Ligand SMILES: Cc1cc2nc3c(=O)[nH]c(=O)nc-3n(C[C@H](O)[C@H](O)[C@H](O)COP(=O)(O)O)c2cc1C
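The chain below stands alone and is given as structure tokens, in the form predicted alone.
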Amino acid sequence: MASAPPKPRPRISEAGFDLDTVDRLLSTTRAVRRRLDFDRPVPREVLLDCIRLSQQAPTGTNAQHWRWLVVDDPEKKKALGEIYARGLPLLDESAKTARDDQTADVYRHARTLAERLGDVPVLVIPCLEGRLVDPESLVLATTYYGSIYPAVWSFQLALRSRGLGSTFTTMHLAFEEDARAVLGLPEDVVQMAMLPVAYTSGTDFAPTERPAPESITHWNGWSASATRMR
């Protein structure tokens, strides 16, 4: 009887990581809208575990002034869903001017999610303590927003690794003060996004189509073509 072919050896990086696992996590963490399981509860300890991992992300000037507001109360989720749904006309207009079919599908799926946002098991709202002092300053703005977005992405990666999905949304911020009233937020706490979070129907997500990295990478300065490597 012929022996089974040997299993391929794992690709281990110099840092000791299994690159196949890491690459699969990074390339298949999707914005999940259609495959969220609305019926399966999400334990608070799982969310806290993912937030714990997010705290290891870099933050501007080591401020660590991120805060996480997790909403699992049905009435508050319903209220936030109603606020979010006010932006449906914006999604409809965006869908009409989508540059390709894939983008149009994103808007359509976003509309479907918006109609049921209040039914998602958990809504997670990352916040920053302290308002941006001078929104016209590019360096202050990039430092401000850059202080939390790496942590948000780490949170989403941690969710994916545990069988949960999420999507980064901001449409409710068009009605920021109404959401603030629902959540009882102090004036100096700023909402940065809202992430619907749920277990996913299946975990077999795949990489999506993207342009070749050479086509979007410039070396040592900006040029008309981004494909030249020097």
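Remember, predicted model here, so these are calculated numbers, not experimental data. One-based numbering along the sequence shown.
In what follows, reference is made to the form predicted in complex with the named molecule, a form of this protein that is not presented.
For the candidate set Leu53, Ala31, Val189, Leu69, a heavy atom within 4.5 Å of the named molecule in the predicted bound form is found for exactly one residue, namely Ala31. This chain is drawn without the named molecule; in the predicted bound form, the residue among Val124, Leu128, Ala110, Leu157 with a heavy atom within 4.5 Å of it is Ala110. Comparing 164-172, 55-63, 36-44, 180-188 against the named molecule in the predicted bound form, the single stretch with non-hydrogen atoms within 4.5 angstroms of it is 164-172.
Within this chain, His218 is remote from the site of the named molecule in the predicted bound form, having no heavy atom within 4.5 Å. A residue is said to contact a partner when one of its heavy atoms sits within 4.5 Å of a partner heavy atom; Tyr144 fails this definition for the named molecule in the predicted bound form, lying far away. The named molecule is not drawn, but in the predicted bound form it has no heavy atom within 4.5 Å of Arg11. A residue is said to contact a partner when one of its heavy atoms sits within 4.5 Å of a partner heavy atom; Thr208 meets this definition for the named molecule in the predicted bound form.
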